[in-house]
Structure formats: C-alpha cells, structure tokens
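Take a look at this single chain, the form predicted alone, given in structure tokens.
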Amino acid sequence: MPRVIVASRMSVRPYTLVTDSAALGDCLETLRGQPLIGLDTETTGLDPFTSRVRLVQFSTPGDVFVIDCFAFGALEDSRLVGLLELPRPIKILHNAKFDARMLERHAGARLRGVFDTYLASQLVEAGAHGQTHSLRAVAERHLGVAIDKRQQLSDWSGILSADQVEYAAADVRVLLPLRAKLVEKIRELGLINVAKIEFDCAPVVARMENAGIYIDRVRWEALCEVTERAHAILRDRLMEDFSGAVQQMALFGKAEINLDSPTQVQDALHRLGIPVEGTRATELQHFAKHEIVARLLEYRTVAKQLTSYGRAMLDHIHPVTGRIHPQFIQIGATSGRFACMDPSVQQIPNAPEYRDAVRAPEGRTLVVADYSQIELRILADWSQDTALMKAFQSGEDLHRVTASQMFNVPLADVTKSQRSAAKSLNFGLMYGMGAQGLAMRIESSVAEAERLVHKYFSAYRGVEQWLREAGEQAVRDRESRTRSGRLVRYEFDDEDRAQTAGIARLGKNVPIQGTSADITKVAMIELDAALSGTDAQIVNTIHDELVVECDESIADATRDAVERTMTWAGQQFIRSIPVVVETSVSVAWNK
C-alpha cells in the first residue's frame, strides 16, 4: 500500500500515515537527519504483556509521521529499532517509561537518548502544590495549547478513524515546542544535571518493570496462613482484654468492640484507666508499658501485614510472566526518591520470612546490594566535620564510635543500648528529631535525651553547624538543593512557627535524602549499561538498595559489576570519604 498523505483538520500541517516498508524507509531517512524528534505510541491497552502497539508517531519541526504497526511489520524492522536505540537524535516523549516498556516488549528496543517532558515538568515545578503533569496540563501551562484527549481511550485495535489518527499526530506534534519551553526553565533553574539523570534513568526503570519480581507462591501462602492465625489469636485476646471496658456484651461474654474504630478503642482504653490522647501508633507508644496497648500495637502491625501483604499480593502475579510487575514512580517524592505501587514492594516488611518468599526462579539467583550508611556519608562529606569524617575513614563502626564519645567510654566497652542510642541520634538528627523524639526511641527521660543531644553536637560540631545552616537557608530562601542541583521549593506561612519549624527540618534532610536518590539513579543507569549483553537485570530498588537477578553461572561476575558500578556512582557525589557497597548473593531477597 503506498504512503498516504492526510491533511489535518485541526492544524496547518499535514501528517504522513506510514503503512508500508518503503514509506517507513523515507520516514526514517528524514528522522535520522534531525537533532531532535518527538516520539509517542498508541496502544490497545496499558499492559505491555497483553496489549499491542498500534501506532508509533514521530515529529520533526516540519513533519509528522504516524506509523501503523498493524498494516505491516514495522516493529520488527531493524531500521526502526536502530533509530530508537541511537543516542541521537534526542527523542522527546511524555512519560517515556510507558512507551519504553511497550517498545522493549514488542520491538526489543532499548530506548536511548530520551527527553521526558513529564519528568521535566516535575523537575521545574519542584514540588509545587496542585500541579498535575499530564500532557494536556503541561502543554496548557507552558504553551497555552488545549489538547483534545477525547480519543485517548478509544478502540485502537480496529479500523482507525481520521479523528484517531489526527489525535495521535497532535500528541506528538506538540512535543518539540513543549521541550523548547521546558529547556528554558531547566536552564534558568540550574537543573541540567539532574534532568540528564532523570531522563537517562527512565528507560532503565521501564526495563526493571518489564523484568518483574518473582514470588514463591507456596512460601507466600504459608506465610499468610501463619499471619492469619496470629491475627485471630491477637484479636480474640484483645476482645477478652476489652470485655470489662465495654457496656454491651455479646454471647459467651466476649466484647462487642470494633478494634479498627479509633473512637471505640480510645473510649475502652479510658475505661481501663489508660488516658491515651488518640489511637495512632505514635500516641499509643507512650503507653506501650501497658500489656493491652502493646498487644494492640502488635495487632495493628499484623493487620496491616494482612491488608497490604497478605493473599492480595498473589493477585499481582501476572498470568503471562508468572511474576509481579510493580509500578515504580521515578520522582515519587520531591527529594527525588522512588515510590512504588501496584504493589508497593518497597514496603514489604524487612523480615526473613517475607524476604525469603521473594526470590529468584530455579537456576537463577539474586545479587542484593546497598550503600552502607550513605546518608551519613553524604552528611559527613557536606559538613566536613572532622570527627565524623575520621570515623568513616577509619573503617570503624560509626555508631560505636559515636556512642564512645557520647558516653565517655572506650570503644571496646560500648554496650548494645549505648550503640542503639547513638544510632538513633546519627540518623534521627537528619530528620529533625529532637530530645523528645529521642527519649521515646531509647525509653529515657527528656532531660537525659537532651544531655545526649548536647554531647552529640559537642562531638560533631561541624554537623551541628551544617544542619543549622541548612535549616535556616531553607526557611530564608524557601528552597533546598541536592548535590545534582535538584530543586525543592517550600510553600509555608512564615508567621506560623510550627510551619517554619517543619520547613527547617525538611531543609536539613531533603538535600541529603535527595542526593542519596541521585546516587542510586546514577548507579542504576551505569549498572544497566554494564549488564547489557548479559542475562542479568535490575529487578528492584528500595532507596539505597538495588536487586539484580541473573543466572547462577554468572553470579560472581554480576556481583563484582554491581559493587564496582555502585561504588563509582557514589564517588561522583561523595569525594572526601570512602563509599562502601555491601553485597550478597542469595536465591532469596535476604542480605
């Protein structure tokens, strides 16, 4: 079938509908000569394993090409795959992860050279409240263009209408001018470095989602049975505990109380003489010395495990792949950290019984790697605190070193509880934890906690100064930056002391947490490239941890590559102290 030129009713430029191999060759010749091209796809659904790619659309400053993949084998054409895998021309997409997943699954293409207008919008808005980042919203905000999305959910599997093809052309047509506006903002805000990290990371995240994670169904079901029994036992015991505190009684003398009702639980606790101010975990912790409160907290934990990580987790096992394919949100927090959903594997409890059920299939293994105390190393590098840097450079256990200084005892005599208190301070102060928070964590008086905080800052004066200045700067400038230049803006009422204090706490932590996110993403980009050509694949990430699945025969080589690459990535951001990556090889997700 010859190439068809269709005049657009909604724009001044036509588009080319490509329906055969010869027309595809003409299209690709035009595209290869461009520095920048727009790229989009239309698919029959959202799931790469059950849906198909119907259209692939490209745009240049003068042309729009709409390739009908049902008309001929466009996705099997090596010329098209080759273009997608070239670092140039730069391919401009909106939410590149989705298109990258589809193109990898159906064309085998490892997309390179990406500019993602969705991620760019998130970066330039820098956490502004109320802003959405759909193509329609971003185009309207930056170009004043209203995009008609009525055809978005139409049937893309049958005969295409003129309106559908025009809709596909309009979406890709807007990408070049949109990039131009966003590039202006990126340069103006000093976001070039972080934008490159995010854009390069998007195809890596797509491959990670496509790879998926294997869960042993038998082990998971056995775990659910144990948890369900524990839940039932705790529930029955609590009903007995509360039976004397409620007026209405059920048959056999058991209490009629809804354990999931904050009002009923608080009222019952008051009747038992326990004056809780609320039933949130933080409020109940103050009364955990009471056996019934401790049991209630345990019940809540088990109930949450059943709700979030019970049998429903097995519903996420894909019928085509036999694996779960979580959705990783690349900028899940303004600091740049990932979030995860459907399901949130980041929140799977860090307990052996859970991690043992998340594993590699037979014949394969997992390389689990994480950065050792990466946020504290970032703090040491930024603050240039002599004592903290010395502790890291010596290779000693930092928490023991800190405890030795706080409690004035030799390193060899530090007790487990002293180390625990030091660990709470080392991590907690970055999150703005005060004496009250420390007292609750280590079960001491507030006065004792205040003394320990004072001792800590006496030992690490450079840390105290950096944290104070970072908090003051966040309040003064209403923004913070990570080492890559990632911008986080703050909106608050400076007359409100509680809001101001909250921003000061964020100002201490966001630059550190965000730099940790930068490091992890750079590590993912470099590791994905290093593993290319092998059967090893990144399958999971949780903050400063990466999980790689590979064949057992290449486990040692993969482990070496992971450790080497992650160390290199950390050294790009932390320059004055060592970066340590801890790795393990196991059939299960255990360290």
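The numbering used is simple: start at 1 and walk along the sequence shown. Each form is matched to the other, and the largest set of C-alpha atoms that superpose within 1.5 Å is called the rigid core. Computed from a prediction, not measured in an experiment: that's the story for all the values here.
There is another form of this protein, the form predicted in complex with the DNA, and it is not shown here; the text below is about that form.
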Problem - 4.5 angstroms heavy atom contact with the DNA in the model of the complex for I233 - result: no
Problem - Partner contact for Q513 in the model of the complex: the DNA, 4.5 angstroms, heavy atom - result: yes
Practice task
Verify the contact flag for P89: yes if a non-hydrogen atom of it lies within 4.5 Å of a non-hydrogen atom of the DNA in the model of the complex, no if not.
Solution key: no
Handout entry: Any non-hydrogen atom of N408 within 4.5 angstroms of the DNA in the model of the complex
Key = no
Problem - Proximity to the DNA in the model of the complex (heavy atom, within 4.5 Å), stretch among 106-114, 91-99, 278-286, 380-388 - result: 278-286
Handout entry: Site test, N258, M341 and Q347 vs the DNA in the model of the complex, non-hydrogen atom cutoff 4.5 Å
Key = yes
Handout entry: in the model of the complex, the one of R136, R337, R419, R364 near the DNA [non-hydrogen atom within 4.5 angstroms]
Key = R337
Practice task
With the DNA left out of view, choose which of S394, Q436, T132, S78 has a non-hydrogen atom within 4.5 angstroms of it in the model of the complex.
Solution key: Q436
Handout entry: Contacts with the DNA in the model of the complex - residues in 487-518 whose heavy atoms fall within 4.5 Å
Key = R505, L506, N509, Q513
Handout entry: Core-superposed C-alpha of L297 shifting 2 Å or more between the shown form and the other one
Key = yes
Problem - Post core alignment: Q266 C-alpha displaced by 2 Å or more between the shown form and the other one - result: yes
